[in-house]
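Look below for two forms of one protein chain, each set out as structure tokens: first structure 1, then structure 2.
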Structure 1
């Protein structure tokens, strides 16, 4: 209920429109209740008094009532529905904004599908109850209680009969309705399983083909579908029985009503018009009884959905501005990492106490085996995460004491894997600096060695890259990410395997551009190809979340430690590669 109250709070800015809508709704419902009374008169006038003039004027009055009902129903529908759309649109926007305040950890821990489902399906469920529920409740209460009061006043015995018969109908309909609904959900869930298989098969089509697993996949898919067919079969059996039998019960109850009412008419207890009015009221009353039960189920669904949505809305970003956070001044580039520890999960410490200092403008390479924690360390430097213990200082200022945005504007990262937005190449590069001139943008692309390949794409800079940049090769995506970083012109630059997807030649070309880019700013490079980091100021060698060695290339080679080992292994590999390729041309 607490969640529902929060939902209703969303409506408070639109109180005026809603109150007006409620007024219109009351008028429409009362008009609706008045109609049978006039019909009663009409029938009596026609059948008993046989008065033509009175009949004409009554018919006109009823037409007038219908007109009033139409106008006010239109008005309240419009007001309620429009408010609902507005509220939900605002709510979706609010939620999206909120997502951006959450930290990377939120997105990493959850599956994309789960977040998307809360943002779409759950909000749609909420949309269905937010104004509709109070409106229906009001409307049906007026009909139910108004109807009962009027007919009790007319004839309490017939009213008693209606109040006994109507619930029978409602209970029957509800019981089957619920069973049908349960089966529908079951069918949906089972269909969802087959949809997942379908999606998997499409995205992993290469794997399926290469391992010749079509047969297994076909079997998996048909099993899932058969499963949903079995539920569908049950549903068909129930639903084909349900419609006709509810019709039968409805007609039987009307017949009982008609018989008993007819008897009262013959005995002279009520007029024929009153009998007709009773039957009309019976249908007016039966409606709310059914819809109250339905409403209850919808409220349950809506509350479940709002719980999931509010859960996200109540989350706070783990990495966020402290209340007294100040803007980061222009960064000179001194970086101090002081006793930093970090873990993603409490049982696995990924960074285990790291200390180092980098002077402004220096270039530092981070090397080490896969899983050593290099990417994690630079993500800490970027403040995507906060350390569990220890501190990172930039120009002596602790990172946690500055405003995130002011820091992020001055730091650039080219990640290990580049995912692009679905738009054009231009849009993707421009992302770094909205409103940049085309010349400046092309210059950045040239520096990133991306201009040439971009000009070869069908529409050059306007070429659409497809979902996540799928239509470009990994190396091309990387060069776009580099162009973007060049355009951002950050004070601290992080390259996480920024050239790993490039061939040796492109890498050499970009290396130059990157070296130019690194002048005058503090840079961190993670590289597996150790040949690319020969002349950096310092190499930090990491293993299992700790620094095991540090120094320049010559010092580290002399030490004959981990770096020496990694380097000789790589060199050996390269020599082998060369031998293989020089073998190739031979017959």
Structure 2
């Protein structure tokens, strides 16, 4: 119940509405308890006294009680249901905000579908118990204990028959409730698997179609859903048996009460009105008993779901601000990497004791074979991860000692695979600087060689780019990303060169834009096409997590080391590609 108590804390901002709703619920419940007493009098008046005027008066009184019950129940439902929706909305927002505090490693280790499932399926399950549980407990408690007090006063013998049920229902509910909790958690886990497959297929649909793997993906998705269905089937079997069993026990008791009460009427021990009232109260009492049992099962399901959600909320980002972290002052651009080690897994070190210094405004290219550690190094420079050992300093200030946001505001990255948000071109560019003027935004687009193609689109800057920018070409997406980086005006720039997969015209336009972007900034380039880095200030050659060579293009070519080998291989590839291209038939 610890997690449920945490859920209840979400209700505290809405105490006034809940207290008022609870008051309305109490009035409605007490009115419900008063109705059988009036019915008792009405039955006795009809069957014993045969008083027409009194019968009419009692009928109007009962109608008045029903009206009062309806008004206050409606008011209670409105206040509690509205509060429930507000609380769940707040909870979703809280979880979404918390996701943004987690480090990149969290998202690398988790599949997107699993996170989406916890944000949707699990919270929907929790929604069913947040305010409904306290309201039901209050309502049914009033009916149960109020009914027991009244019937005990009316006839203690009949009351004893009803109370025999309580231990049976408690044992029944606990036994099946535990099983339902386990199955609920199991179902949510399996739903997360199917959600993950769905998300992967939507985002990778081109790959699926290209490799003609629709049959495989359909099979994967069907098997995941079938697995979830089998667990849901077990829960349905238990739930289907659970409710009717409670009903059977309640109806059996009602039948025994009717038989025993009828016997008492025949013997003259009680009046017909008392028997009818007693049966009504027995029904009122049986309702809460069955409700408590069903509620226990729902609570177990909700707790299972809340456990998965709070597991995320309890996580802390591996990379986060220290308690005494201070804001990063304006960066000049000196970068010092001192004895840095890093690994994703303890048995496989990715970066092994790297040392280098970059002066403000210099452009450095990172070169090396696949798996050399280039991307990991720039992830460390961006502080998406912290080194396992060693230190990275910016202008002499250790990165771990500054506030993350103050550093990230002054560093920019243009990744190899540009992903845009699904809104308009304007929204994607101004993402870097909210509230920017249209003139500034257009200047950034022009500097990125993006303005001309934007003006040719159907709605210019208001053109919607589609999910991840799918409606634009790779070169157009890249230029929008560069415009976004220009608008941010970072002091340190990281470029994962993405011109190798573009046509010559797009590559030329992007290369020009990147050169404008790098002016006056300390820049790091992960170089895939080595012919584009002839003029950089320094080339760092990496292999197996270590720096094996460092210098400019001419110096490294003279050494005839790894850089010379890579450059020669790339040059031969380019020649072969050009020869193949020239041999292709022209349209």
Ligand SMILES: Nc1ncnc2c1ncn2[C@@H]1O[C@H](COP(=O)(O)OP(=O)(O)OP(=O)(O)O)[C@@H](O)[C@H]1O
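Keep in mind that what you see is a predicted model, and the values were worked out from it rather than measured. Numbering follows the first chain given and starts at 1. Just so we're on the same page, rigid core means the largest C-alpha set that superposes within 1.5 Å between forms.
Two forms of the same chain are shown on their own. Structure 2 is the form predicted alone. Superposed on the core, the two forms differ at residue 261: its CA moves 2 Å or more between the two structures. Residue 193 shows a C-alpha shift of 2 Å or greater between the two structures [criterion: core-superposed Cα displacement of 2 Å].
Residue displacement note: residue 321 has its CA displaced by under 2 Å between the two structures (rigid core superposed). Its Cα shifted by 9.4 Å, residue 227 is compared between the two structures on a rigid core fit.
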